[in-house]
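Before any questions on how it binds or moves, here is one chain, the form predicted alone, in structure tokens.
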Amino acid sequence: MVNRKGKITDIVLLFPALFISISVVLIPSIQTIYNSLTSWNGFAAEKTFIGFANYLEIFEDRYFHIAIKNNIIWMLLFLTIPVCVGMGMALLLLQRKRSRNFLQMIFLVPYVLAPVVTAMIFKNIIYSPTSGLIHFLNELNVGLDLKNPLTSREFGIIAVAAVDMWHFWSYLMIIYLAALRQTPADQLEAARLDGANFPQLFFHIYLPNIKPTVHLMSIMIVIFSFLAFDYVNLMTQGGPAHYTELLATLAYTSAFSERKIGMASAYSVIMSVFGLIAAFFYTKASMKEERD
């Protein structure tokens, strides 16, 4: 009788979360998958089923290949630069006791700024060739002829990613710092008694203890990289000549500019597949760590 009441209680407690997951995640996901197999403008009462025609058109589109390349570049940049900067700053703050909280607050300022504010700062103050930092450097007459990197086909996506990395690294710093502070004190003390220096402490004590956090944040970065949208939309709108397009910007253009909801849904499904692949590898790695 007690077990039966416990099961009923568990079901009652799980119901709100289950209801939200089904209504907000599962049902819209099924609708998106179905829409990706149709030709629909978002207003017509009926949807024309066309099978995988949207996907075939996407895979043959040169802008899709540019977007995939840019998303991969975005992912590789975020898996290296913000991770290294965030980890390095977390290690530095770990050594500071008195000023740690103040420095955390200062470093978090870029992260708490709204994306539109950050984008405008870089677009008008840093990258602008007429009134920004680039203009100032060109005015020094030191042989530099700098251009606005946002107008470059080769470096435009890197220039936009740099803005998001400036915004994102401090978030990683806070996560890594919280994980580093959970390292068992007895392990650190034993290593210090054995004469270990700080690099040895990091690679043999700190890093093994925070490995699950590093894995989780790496998977989240991969997922976020294929969902990136706001800074490209705010700063370049996919230009010049579509060379800074991402999967999300192509989906946005298809849905709201071209009124191709089926095509936009197909892009969304493709983005979700990359996220599911990343989640699969994280789950597999977590299961391996539990077995070990």
Partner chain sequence: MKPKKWSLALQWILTVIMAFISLFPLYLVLINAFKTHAEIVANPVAFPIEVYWQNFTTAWKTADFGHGFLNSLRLVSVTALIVLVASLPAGYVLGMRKFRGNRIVQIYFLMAMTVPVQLFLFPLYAALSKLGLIGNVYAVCFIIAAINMPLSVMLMRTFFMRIPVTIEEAARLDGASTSQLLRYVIIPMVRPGIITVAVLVVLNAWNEYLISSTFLQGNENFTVTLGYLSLNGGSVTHDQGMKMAGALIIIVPILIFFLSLQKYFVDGMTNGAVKE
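Residue numbers count along the first chain shown, from 1. Here the rigid core means the biggest group of C-alpha atoms that line up within 1.5 Å when the two forms are laid on top of each other. These numbers come from a predicted model, not from an experiment.
A second form of this protein, the form predicted together with the partner chain, is not displayed here; the remarks below concern that form.
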- [ ] Flag this candidate site as yes only if 58, 146 and 241 all have a heavy atom within 4.5 Å of the partner chain in the model of the complex; otherwise mark no.
- [x] no
Task: 4.5 Å heavy atom contact, residue 107 to the partner chain in the model of the complex - done: yes
- [ ] Report yes if any heavy atom of residue 49 sits within 4.5 Å of a heavy atom of the partner chain in the model of the complex; otherwise report no.
- [x] no
- [ ] Would you check, heavy atoms only and a 4.5 Å threshold, whether residue 202 touches the partner chain in the model of the complex?
- [x] no
Task: Contact label in the model of the complex: residue 166 to the partner chain, heavy atom within 4.5 Å - done: yes
Task: the partner chain: the contacting residue among 83, 207, 216, 73 in the model of the complex [heavy atom, 4.5 Å] - done: 216
- [ ] Sequence order please: the residues of 74-98 with a heavy atom within 4.5 Å of the partner chain in the model of the complex.
- [x] 85, 89, 92, 95, 96
Open item on the list: Using a rigid core superposition, assess whether residue 281 undergoes a CA shift of 2 Å or more between this form and the one not shown.
Closed with: yes
- [ ] Indicate whether residue 56 shows a C-alpha shift of 2 Å or more between this form and the one not shown, with the rigid core used for the fit.
- [x] no
Open item on the list: Aligned on the rigid core, do the two forms place the Cα of residue 29 2 Å or more apart, comparing between this form and the one not shown?
Closed with: yes
